[in-house]
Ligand code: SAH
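Below you'll find only one chain, the form predicted on its own, shown as structure tokens.
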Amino acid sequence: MKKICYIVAMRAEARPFIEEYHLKEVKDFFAPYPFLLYQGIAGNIELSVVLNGEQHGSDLVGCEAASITTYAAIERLHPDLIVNSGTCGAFKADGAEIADIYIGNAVMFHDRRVPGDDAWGTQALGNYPVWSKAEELARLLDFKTGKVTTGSSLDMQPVDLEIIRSNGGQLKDMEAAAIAFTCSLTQTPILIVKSVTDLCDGGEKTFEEFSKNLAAASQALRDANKRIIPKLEIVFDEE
């Protein structure tokens, strides 16, 4: 039986998926840390969903929380695959629409601007490996693919946009590259599944558009993951 661990930042993103698979919370599994664990069985997969938890009354989002949550999940659960399932911004110019589903075919940071030689710049951008089966999975399910870029802020400054576009970025989030960084240290494969909440070039204010579309994008994530999990069994059997 394969172990699949989903890393999800926000309860709203995870709730439809947890309810769909009737996953049960494992109380205090990561105590004293705020991370939350939900588990169950889906076919031949042992399914875990790990959330960052909360601080100051809100979901922990961003790179720091994502990194430490992922490290703890890998150390305690020993998954065969990490799946970062979450929401993102995208570009109307690339054909993106609200609640579109993408599989990440590459991942990097867009806001780590480290001056110096090529070695420092390479480390700053990251460009971490994603699961070798990601493109195949996207083709099987007819999902879009795109390069995910990660930063620590919900908004986007002009320099962020320049880095994103000059490096072929198509999706903007706050966790994927941090999770991929941690996976790269432990040689754990990572699959990135994203649903669009906001259009970076759509003209609306980011937070308002994100808030308006979060529920619909989270439902789309649930539906996408319902299709992904049976295909994971097939893809794993081919390895």
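Computed from a prediction, not measured in an experiment: that's the story for all the values here. One rule holds for the numbers: they count along the sequence shown, beginning at 1.
What follows is about the form predicted together with S-adenosyl-L-homocysteine (SAH), which we do not show.
A heavy atom within 4.5 Å of S-adenosyl-L-homocysteine (SAH) in the predicted complex is found for exactly one of G89, G104, G169, P79: G89.
In terms of contact with S-adenosyl-L-homocysteine (SAH) in the predicted complex, the residue from L51, C183, M174, L191 that brings a heavy atom within 4.5 Å is M174. Although the partner is absent here, T197 lies within 4.5 Å of S-adenosyl-L-homocysteine (SAH) in the predicted complex, judged by heavy atoms. Although the partner is absent here, T206 lies within 4.5 Å of S-adenosyl-L-homocysteine (SAH) in the predicted complex, judged by heavy atoms.
In the predicted complex, S-adenosyl-L-homocysteine (SAH) sits within 4.5 Å of a heavy atom of L154. The closest heavy atom approach of F29 to S-adenosyl-L-homocysteine (SAH) in the predicted complex falls outside 4.5 Å. The stretch that touches S-adenosyl-L-homocysteine (SAH) in the predicted complex, counting heavy atoms within 4.5 Å, is 197-205, out of 64-72, 183-191, 29-37, 197-205. Scanning 1-24 for heavy atoms within 4.5 Å of S-adenosyl-L-homocysteine (SAH) in the predicted complex gives A9, M10, E13 in sequence order.
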